[in-house]
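Consider the single chain below, provided in structure tokens and representing the form predicted alone.
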Amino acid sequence: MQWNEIADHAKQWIKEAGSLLVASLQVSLVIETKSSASDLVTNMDRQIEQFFIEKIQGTYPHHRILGEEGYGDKLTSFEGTVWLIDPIDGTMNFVHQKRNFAISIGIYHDGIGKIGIIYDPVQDELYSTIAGEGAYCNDIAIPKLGTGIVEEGIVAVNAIWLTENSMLNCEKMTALVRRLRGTRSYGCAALEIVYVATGRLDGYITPRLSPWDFGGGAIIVQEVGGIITDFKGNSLNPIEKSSVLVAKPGVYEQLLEYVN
């Protein structure tokens, strides 16, 4: 498999898609809700996913696609080469803030992550890796992560998980927040995961993510020595929704005690 060639195509396509998104910020969007008032989808989510499907199917007809908007394949196994695509991760930010959103691509072969690409088109930051060949931001190598401790860490967590909920113990989470140096919430899982990879964050906690949310970022963060699992410490299944804990070494082990 020519992973370098596939990565080059994916980078070219994600840049083209990013240009379409930035251009669309100057025009009115068609906005709909999915499962709730806070679960938004726009015409651009659909357009960008269809853009990728056309490119992938035209170039790699034997590859399969799992996309957020459902235009790809219905997967029951992870055999062969599969692209995980989130056309706009952070749609609410895209609509309201016109920043802090990203396009995410994860390419897996027989369930193993091979290529991860995240593009923030507003900041023009392209995070990428071919597994085993290092991770990069705009072609500048991202250094390996060192170890850390929560007392010196900044961790991304949505404020909703600090209130009463059925997924996380809010009292334990409140205690964690008091112990941390600081918290952030960007509303875009793909960016929060690669921010751990680059050291902008020391960890990220969320009790529910879909494969297209974590598929690309997981490959990148692991390439630089970060750890990404579910809340029980298990490896993520790239075709199933999951809780996600990602952090640099040292911080990961401490965070696992709070979410387990």
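All residue numbers refer to positions in the sequence shown, first residue = 1. Worth saying up front: this structure is predicted, and the values here are computed from it rather than measured.
Keep in mind the form predicted in complex with another copy of the chain is missing from the figure; the text below concerns it.
- Although the partner is absent from the chain shown here, H96, T163 and R181 each have a heavy atom within 4.5 Å of another copy of the chain in the model of the complex.
- Not displayed here, another copy of the chain is approached by G187 to within 4.5 Å at the level of heavy atoms in the model of the complex.
- Although the partner is absent here, L201 sits close enough that one of its heavy atoms falls within 4.5 Å of another copy of the chain in the model of the complex.
- At a distance threshold of 4.5 angstroms between non-hydrogen atoms, N158 is in contact with another copy of the chain in the model of the complex.
- Among heavy atoms of E152, some come within 4.5 Å of another copy of the chain in the model of the complex.
- Only one of L126, I142, M92, I130 lies close to another copy of the chain in the model of the complex, with a heavy atom inside 4.5 Å, and it is M92.
- Heavy atoms within 4.5 Å of another copy of the chain in the model of the complex belong, among the stretches 231 to 239, 193 to 201, 215 to 223, 54 to 62, to residues of 193 to 201.
- In the model of the complex, another copy of the chain lies beyond 4.5 angstroms of every heavy atom of every residue of 1 to 27.
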